[in-house]
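Given next, in structure tokens, is a single chain: the form predicted on its own.
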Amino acid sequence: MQTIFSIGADALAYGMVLFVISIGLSVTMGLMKFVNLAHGAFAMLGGYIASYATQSLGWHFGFALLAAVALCMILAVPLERFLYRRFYGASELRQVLMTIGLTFMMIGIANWLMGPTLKTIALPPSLQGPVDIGFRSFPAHKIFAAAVGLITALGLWLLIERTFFGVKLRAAVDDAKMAEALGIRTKAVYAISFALAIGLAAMGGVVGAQLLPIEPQYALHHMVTFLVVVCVGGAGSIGGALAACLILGMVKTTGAYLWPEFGNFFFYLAVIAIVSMLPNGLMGRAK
């Protein structure tokens, strides 16, 4: 029984980290219809910024997290305006090639500036030690990661479903020309949505750095994992992405506990099974 509870706790932490990073990709793919395979590179960038801020500048973890998110969102604005916007409506192949090229460029810059070794983010004392959760001691940073994931899910759902901006975004997705005719500035909506998605990636990169270490190949190592979450959950679905992360997190963690020699076999077996039965994902809309 203790093993079952331990698997569940670790799966929740891992799944929430995946969710915080992947939900931004789900937004760009599902709501903006853009395949941004450079998404993981922005999570890596956020992790590097936080690592430099805490290790070299001596900043508190909270300030480093805010700085990483803010700087990545600021960088996203000119990138969306002068690069990504040129590929809206382009074929998925062109989008993939452009974003993969951008990923390799960011990997090269990261390797040149930060070196090829792993970078750590200094945690405050409150997140360093274990916390007694009854059946075992559990790392405080994993509890923090799970809490951030749940808060992000609720906040994003409220933003998209219960705010005027969410109405504008959904209108722009359903019929951009009609939305523009009604006075909605669709380009501004897309720019804000893209910056938000990049900010979420950066936040996930920082919060999840203890589980997904920051290094130059980060974007390539986890690219497929982030894409899988979107496909399994259904592009653009917050609930679908959350469910996918929890299910896949449970499968991956169970496999790591009980059959570590199989590696990611059970993770991708679950992916194949789900997308075979549900081509549009757990909560994706039929195309």
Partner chain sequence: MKFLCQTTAILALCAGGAFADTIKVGVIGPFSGGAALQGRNFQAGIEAYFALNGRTVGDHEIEIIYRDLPAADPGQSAALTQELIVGEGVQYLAGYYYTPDAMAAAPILEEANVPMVVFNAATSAIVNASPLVVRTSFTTFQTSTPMATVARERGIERVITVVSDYGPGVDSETAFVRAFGAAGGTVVESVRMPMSTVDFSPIMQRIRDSGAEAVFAFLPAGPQTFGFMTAFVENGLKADGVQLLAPGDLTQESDLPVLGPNAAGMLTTFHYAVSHNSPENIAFTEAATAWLGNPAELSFPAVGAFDGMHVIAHMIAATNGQQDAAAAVDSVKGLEWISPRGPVSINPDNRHITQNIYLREVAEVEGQYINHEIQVFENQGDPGWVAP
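Small disclaimer: the values here were computed from a predicted structure and weren't measured. Residue numbers count along the first chain shown, from 1.
The discussion below concerns the form predicted in complex with the partner chain, not included here.
In plain terms, the part of the chain that comes close to the partner chain in the predicted bound form, with a heavy atom within 4.5 Å, is 112 to 120 out of 197 to 205, 181 to 189, 92 to 100, 112 to 120. Note on contacts: among G155, P78, P124, P130, the single residue with a heavy atom within 4.5 Å of the partner chain in the predicted bound form is P130.
Proximity of G166 to the partner chain in the predicted bound form falls outside the 4.5 Å heavy atom cutoff. The partner chain is not shown here, and in the predicted bound form it never comes within 4.5 Å of any heavy atom of V173. Mapping the unseen interface onto this chain, W59 falls outside it, with no heavy atom inside 4.5 Å of the partner chain in the predicted bound form. Among residues of the shown chain, M73 is not one whose heavy atoms approach the partner chain to within 4.5 Å in the predicted bound form. Along 4 to 23, residues S6, D10, Y14 each place a heavy atom within 4.5 Å of the partner chain in the predicted bound form.
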